[in-house]
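Only one chain is shown below, in structure tokens, and it's the form predicted on its own.
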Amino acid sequence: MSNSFQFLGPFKQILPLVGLPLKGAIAEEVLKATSDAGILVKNGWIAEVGDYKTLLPQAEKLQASHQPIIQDIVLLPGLVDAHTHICFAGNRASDYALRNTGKSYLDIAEAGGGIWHTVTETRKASREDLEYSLNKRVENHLKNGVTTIEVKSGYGLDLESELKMLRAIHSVNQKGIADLIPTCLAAHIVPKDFEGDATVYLHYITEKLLPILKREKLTNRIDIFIEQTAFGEKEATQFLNCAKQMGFQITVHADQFSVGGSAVAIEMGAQSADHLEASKTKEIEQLAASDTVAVVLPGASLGLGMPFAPARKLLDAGCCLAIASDWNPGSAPMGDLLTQAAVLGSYEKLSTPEVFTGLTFRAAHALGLEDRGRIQPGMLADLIGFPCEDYRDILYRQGNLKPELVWKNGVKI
């Protein structure tokens, strides 16, 4: 393979996020920006980061392609959204309207809304329709600086429809620019048309679906929703143990409305426990003592009108905290990751580096990815540039300031 070099810059500021810890709180003053900097990229990977004028002669010697940036740009690593449900069909605006009149999540589900409505619409959709709508949402995320996106199934809930979803995700990932990380959430709820209880349904998934996922290499990640209206702790533990024995990585929807899920995630060595709105001191301390990433989802709190996950307490206890959008048609329809993170930071009193790390290398760690999320040699050249002079403007504008430049694998898009 021939070497292809690019030289990017000059940038008003670069936030490399180098030297910041994987776990725990980070003081505001720890965040350091590099001024008047440039980046040398080789075959899509960061080769050098440093003073623009110092690197320029090296770039010219390597015949690196270079079109100088003439406006003030603050550069961050590409954002990582570690929890989304953006492969779906249909619309649940009626659910949102009903919630705002005081109807509960359970009331709406019992009346024919909720997850089952999306399942019905997704089952009816063709794979081509799912690919088209998924690609549109991916493009929107990419435009807003999200270069790596986890995408769950879980709106099929039968063998044929779950495979349709995961094949659609795989196809969009192969054809598109952003990196999609597929996750199987067939254990979302027990489908209404399944003849059997939760244990029987999980056995059905294990025996019928998981082997096909392995054979077709559609995903190496398995998720389950542990909640009173979904799956219990005992049956979830058995299911996740089987998935681990088959070689899958695992993650858990945990502690959204009641506690118990995070304990299962920790016991099973899950990569992450996601939601955590109901987590209390005991759960927070257990997460901090584990290697499981705490993924908080402010979009779900905004969509449901409920309190945010205790992000401040999770960080102060020593957790690895990631911030994800939970973009889905029901409880988190906004999908704007940066806006949600900025609002969460305001309410939970998170420092700028705590928010930025939660959207970059800590979020990547929740997906088992250690090759992105920082601007340093050896990392993917996934980069986003904001039109401002000071990095603090980004969260100050609460999501209203969008990236003007986005690079994926060193390619400007």
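All residue numbers refer to positions in the sequence shown, first residue = 1. All of these numbers come straight from a predicted model, not from anything done at the bench.
There is another form of this protein, the form predicted together with N-(iminomethyl)-L-glutamic acid, and it is not shown here; the text below is about that form.
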For N-(iminomethyl)-L-glutamic acid in the predicted bound form, the stretch among 79-87, 312-320, 196-204, 125-133 with residues bearing a heavy atom within 4.5 Å is 79-87
In the predicted bound form, the residue from Thr183, Gln271, Asn328, Thr147 with a non-hydrogen atom within 4.5 Å of N-(iminomethyl)-L-glutamic acid is Asn328
Among Ile115, Leu213, Ile250, Ala236, just one has a heavy atom within 4.5 Å of N-(iminomethyl)-L-glutamic acid in the predicted bound form, namely Ile115
Using a 4.5 angstroms cut-off on non-hydrogen atoms, would Tyr105 count as touching N-(iminomethyl)-L-glutamic acid in the predicted bound form? yes
Does at least one non-hydrogen atom of Gln256 fall within 4.5 angstroms of N-(iminomethyl)-L-glutamic acid in the predicted bound form? yes
In the predicted bound form, is there a heavy atom of N-(iminomethyl)-L-glutamic acid that lies within 4.5 Å of any heavy atom of Phe231, even though the partner is absent here?
no
Taking 4.5 angstroms as the cut-off for heavy atoms, does Arg221 touch N-(iminomethyl)-L-glutamic acid in the predicted bound form?
-> no
When N-(iminomethyl)-L-glutamic acid is considered in the predicted bound form, the residues of 273-303 having a heavy atom within 4.5 Å of it are His275
